[in-house]
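Before any questions on how it binds or moves, here is one chain, the form predicted on its own, in structure tokens.
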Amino acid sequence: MIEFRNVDYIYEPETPYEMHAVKNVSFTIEAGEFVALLGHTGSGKSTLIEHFNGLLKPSSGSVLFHGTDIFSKEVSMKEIRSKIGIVFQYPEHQLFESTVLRDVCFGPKNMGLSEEEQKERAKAALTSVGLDESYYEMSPFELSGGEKRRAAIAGVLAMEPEALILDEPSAGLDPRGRDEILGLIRKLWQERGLTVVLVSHSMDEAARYAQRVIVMHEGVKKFDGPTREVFTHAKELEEIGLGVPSTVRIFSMLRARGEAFPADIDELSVEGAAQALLTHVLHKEGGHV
């Protein structure tokens, strides 16, 4: 669905403030994938996502959507931005209308849809994020932090995108709020068949939700592959300050102590790790704990 070909991006080129933020990055994201884009602040990941729907144009290289360069003359940038929705960090800061329903209608309105179609899409989007009709006439500023974030995501969903790009969607939320938002994103991916790119610096979030991981470091794509495979590079990830998920780290420590576990255990999820540990203990104790 989305392809980056040798994308470079330089801020303020040929000035004393020149900064090479993205360096010769290439990858392809297939329709229906759930990809985590990982890296520390300054790694280039936030700059990279602004290329997905043309908010930034590459200094060199190209970005393709369904095989067509998004900056070619035959492509409507308005359509690209409706098909590839970006939810920026702290999206609730972008809520501005007098009611939740009017706010979620904003995207469909800009698409030129009728008022009836705007409301139909907005209501469907709000339902999909767990906000029922009791929220329609509320001010967005009356909502809790998690509810504001849900409303902001609904505003993007109302445009019926094919891909959803989320920049640190759990930032600033408490553990329960983080689980709810990330669970919602996974539910939308599963039920709507969306292509999802989750931008994060959390190894645990990537391990729990993503099928595939792309790691950025100093503007360069460092790793790209299935989640389990990328997290086998523990030493290299630690060297760039990322590390591995806590569950993977625990099993690595246990193996170093001589404990043996099957190669096919699910050590990426807390549930899978807990089950593997329980099975291991039961086996060592002869079936008794």
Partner chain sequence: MFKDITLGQYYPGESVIHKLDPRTKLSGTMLFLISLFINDKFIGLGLAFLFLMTMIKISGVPLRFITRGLKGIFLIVLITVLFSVFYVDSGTLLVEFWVFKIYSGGLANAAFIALRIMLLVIGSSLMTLTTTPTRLTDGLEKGLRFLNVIHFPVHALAMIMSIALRFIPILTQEMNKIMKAQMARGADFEKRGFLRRIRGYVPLLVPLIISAFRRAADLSQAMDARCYHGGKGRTKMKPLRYARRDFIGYLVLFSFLAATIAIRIMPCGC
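From a predicted model like this one, the values you see are computed outputs, not experimental measurements. Residue numbers count along the first chain shown, from 1.
The following text describes the form predicted together with its partner chain, which does not appear among the structures shown.
- Its partner chain is not drawn, but in the model of the complex it has a heavy atom within 4.5 Å of Phe106.
- At the 4.5 Å threshold, heavy atoms of Tyr209 stay clear of its partner chain in the model of the complex, well away from it.
- A residue is said to contact a partner when one of its heavy atoms sits within 4.5 Å of a partner heavy atom; Leu55 meets this definition for its partner chain in the model of the complex.
- Its partner chain is not drawn, but in the model of the complex it has a heavy atom within 4.5 Å of Lys78.
- The partner is absent here; in the model of the complex, the one residue of Met159, Met138, Leu113, Leu184 having a heavy atom within 4.5 Å of its partner chain is Met159.
- Listed stretches are 46-54, 29-37, 63-71, 230-238; the contact stretch with its partner chain in the model of the complex is 46-54, by a heavy atom cutoff of 4.5 Å.
- Although its partner chain is not shown here, in the model of the complex the stretch 1-28 places heavy atoms of Glu14, Thr15, Pro16, Tyr17 within 4.5 Å of it, in sequence order.
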